[in-house]
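A single chain comes next, written as structure tokens; it is the form predicted on its own.
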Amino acid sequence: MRRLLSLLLLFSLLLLPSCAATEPPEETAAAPKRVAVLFSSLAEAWQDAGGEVAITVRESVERGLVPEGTPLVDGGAGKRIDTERLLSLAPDLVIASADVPAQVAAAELCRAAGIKTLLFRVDTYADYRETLRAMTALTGDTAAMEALTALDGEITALLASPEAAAARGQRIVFIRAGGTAASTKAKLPSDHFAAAMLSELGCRNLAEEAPLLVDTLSTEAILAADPDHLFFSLMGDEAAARANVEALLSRPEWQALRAVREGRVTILSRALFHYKPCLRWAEAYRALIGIFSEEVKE
């Protein structure tokens, strides 16, 4: 239902006269020149598509995507957009995430003000591919489309490889960990792109069978499920999140889990599995496949 509502919202924005998608770029000169991107992963995707980011959020600077001094409309990851400043900076295109309410609201406000807007949700590689296609339709970057074609082939080969078969049937719990217990939750494949990738590889996400894992990260439910493997993605302050995971795993009840006893606990790379991997999506698949194939060798 959430994806359906998001798609309806996206289409409603795209079909309005102020939206970029209603004005196909017939020539490169017509491409937008002053683009505001309200989410760092989308800023990376826009750059993958050959675009330049003129206005963004602080996280884009922290990740090295844009230089210091780039006009900012949020001091963090884009959860609180300064819409007054955004409008005053006069972008000719606003790109935002359909997953972040503040960005959806900012996009609606900009559209009402006559500014072209695009909302994207990127939960899977297929979503990223379609996002990049839409962006290159504006930039006209043929090199980006060639890179995407190569990436399609690489990922198809990885998913069909003998090494990938080692992941099939593995019973996993995927946990997104913050700096506190309250911010640490198990995630379904529909809630996190890395959990979706593990599902695509054939893993069995136990949170789909035990709602308590999603709602409260119930220790009792995890002990009852006794997964083959635990995966953690770190959010927020990385050091605090990592310390929280270490404290969690040190508890006697967690030490009793077979995955912990056998060392089958993975804290995923932040670069590949917190932020969207964009053109590194094949590298992200390869990293997950490598975890399971190495376990087979042990």
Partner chain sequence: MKRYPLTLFLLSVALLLLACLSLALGSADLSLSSLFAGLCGREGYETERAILLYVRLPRLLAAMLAGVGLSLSGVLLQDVMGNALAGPNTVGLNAGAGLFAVLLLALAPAAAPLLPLAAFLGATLAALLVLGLAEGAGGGRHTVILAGVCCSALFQAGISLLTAIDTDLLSEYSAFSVGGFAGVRISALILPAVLILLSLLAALLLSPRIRILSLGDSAATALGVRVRPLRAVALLLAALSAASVISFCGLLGFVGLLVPHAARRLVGPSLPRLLLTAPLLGGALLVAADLCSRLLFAPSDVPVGILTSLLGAPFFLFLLMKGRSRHA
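Positions refer to the first chain, counted from 1. Here the structure is a predicted model, which is why all the values come from computation and not from measurement.
Absent from the display: the form predicted in complex with the partner chain. The rest refers to it.
Stretch-level contact analysis of 167 to 175, 82 to 90, 103 to 111, 203 to 211 against the partner chain in the model of the complex, using heavy atoms and a 4.5 Å limit, identifies 203 to 211. The contact with the partner chain in the model of the complex, taken as any heavy atom within 4.5 Å, belongs to 216 out of 190, 161, 216, 124.
A heavy atom within 4.5 Å of the partner chain in the model of the complex is found for one listed residue only; from 149, 180, 142, 156, this is 180. The partner chain in the model of the complex is not approached by residue 61, whose heavy atoms all lie more than 4.5 angstroms from it. Contact check for residue 256: a heavy atom falls within 4.5 Å of the partner chain in the model of the complex. Heavy atoms of residue 198 never reach within 4.5 Å of the partner chain in the model of the complex, leaving it off the interface. In the model of the complex, no heavy atom of residue 249 sits within 4.5 Å of the partner chain. Using a 4.5 angstroms heavy atom cutoff to the partner chain in the model of the complex, all of 220, 224 and 236 count as contacting.
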